[in-house]
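Given as structure tokens, the chain that follows is alone and in the form predicted alone.
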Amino acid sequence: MSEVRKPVIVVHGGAGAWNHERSQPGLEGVKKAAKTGFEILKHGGSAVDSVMEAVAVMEDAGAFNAGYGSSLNIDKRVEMEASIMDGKTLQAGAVGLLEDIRNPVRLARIIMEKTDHVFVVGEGAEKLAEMFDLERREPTTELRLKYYENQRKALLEGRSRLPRLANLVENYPELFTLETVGAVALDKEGNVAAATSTGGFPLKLPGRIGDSPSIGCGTYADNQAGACSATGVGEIAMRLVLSKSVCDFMGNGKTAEEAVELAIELVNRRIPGTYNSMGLIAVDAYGRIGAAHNSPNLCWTYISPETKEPVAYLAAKIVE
């Protein structure tokens, strides 16, 4: 008979610079998401259900760069992406280039459970959403339109080409919000899961896909190690397969906190001298949690049986 574990959920609303105007909605949003996910765990629900519902709450909130409130690409269009992974079976689902699906994370789960595939994008993903009657919603908010105009103005005034966009983001962090959302959880059966969702990098090239739907990069879960969700510059996480790296550290005996700190150290050491803003949350197979970043802020929270209520922060362990 398997040992009953104490359930735990960790949620993030994104790494980056959280200014005063946006910090309170962000903190309230991650707390609501964590409470939703933990209620499922508390009543014996699965880690997969927990992380999906937690991420869906943030996709609906409008305070994050995911779902309703997603960033606009250089063509002033939304292209959303998401993924989910079950640590028990190693099954995963991911979607990209979505225009108006209300909850991309729900479509990612359909990919995981109802198809033979892992990653479906664009028209094919939109057709699947139609087949399964997923709700649609215009994702563009007035705030994102304002951000887009400010970002585009800064880009043009700097006469920068898109490959120099990272320099612009570094110099004007208040204009470029990278708040990918994500959740990791451990349920009473000892199963872990992770989910991540985003609107992507502001002013990105059309068709660009980041780490959030890339299994092993933005999302990974394995019962033999733990689960991880990443936020920040997707290209950095992709080049280092960062979420899988965190899980490998945990699988080799590191705690969740040690693992995320080691992974951020890896970012700083292997890809220095560029805009490499990253944040990570994790839970290991024993229910220990971790959160670390090299960005100015990380909006995150967690709930365990000991805390009962979400404890939310705008920073975790900053690794320089």
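This is a predicted model, so every value here is computed, not measured. In this text, residue numbers run from 1 along the sequence as written.
Below, we refer to the form predicted in complex with aspartic acid, which is not included among the displayed structures.
*Asks:* What is the one choice in R152, K88, K188, R208 with a heavy atom within 4.5 Å of aspartic acid in the model of the complex?
*Replies:* Flagged contact: R208.
*Asks:* Would you kindly say which of L107, A92, V233, V78 lies with a heavy atom within 4.5 Å of aspartic acid in the model of the complex?
*Replies:* When aspartic acid is considered in the model of the complex, the option within 4.5 Å is V233.
*Asks:* Should G200 be counted as a contact of aspartic acid in the model of the complex, where contact means heavy atoms within 4.5 Å?
*Replies:* Yes, G200 lies within 4.5 Å of aspartic acid in the model of the complex.
*Asks:* So in the model of the complex, does N65 come within 4.5 Å of aspartic acid, heavy atom to heavy atom?
*Replies:* N65: contacts aspartic acid in the model of the complex.
*Asks:* Report yes if any heavy atom of N103 sits within 4.5 Å of a heavy atom of aspartic acid in the model of the complex; otherwise report no.
*Replies:* Heavy-atom contact with aspartic acid at 4.5 Å: absent for N103.
*Asks:* Answer with yes or no whether T180 is in contact with aspartic acid in the model of the complex, where contact means some heavy atom within 4.5 Å.
*Replies:* Looking in the model of the complex, residue contacts with aspartic acid include T180, since a heavy atom lies within 4.5 Å.
*Asks:* Can you say which of 225 to 233, 93 to 101, 121 to 129, 107 to 115 gets within 4.5 Å of aspartic acid in the model of the complex, counting heavy atoms only?
*Replies:* This holds for exactly one stretch, 225 to 233.
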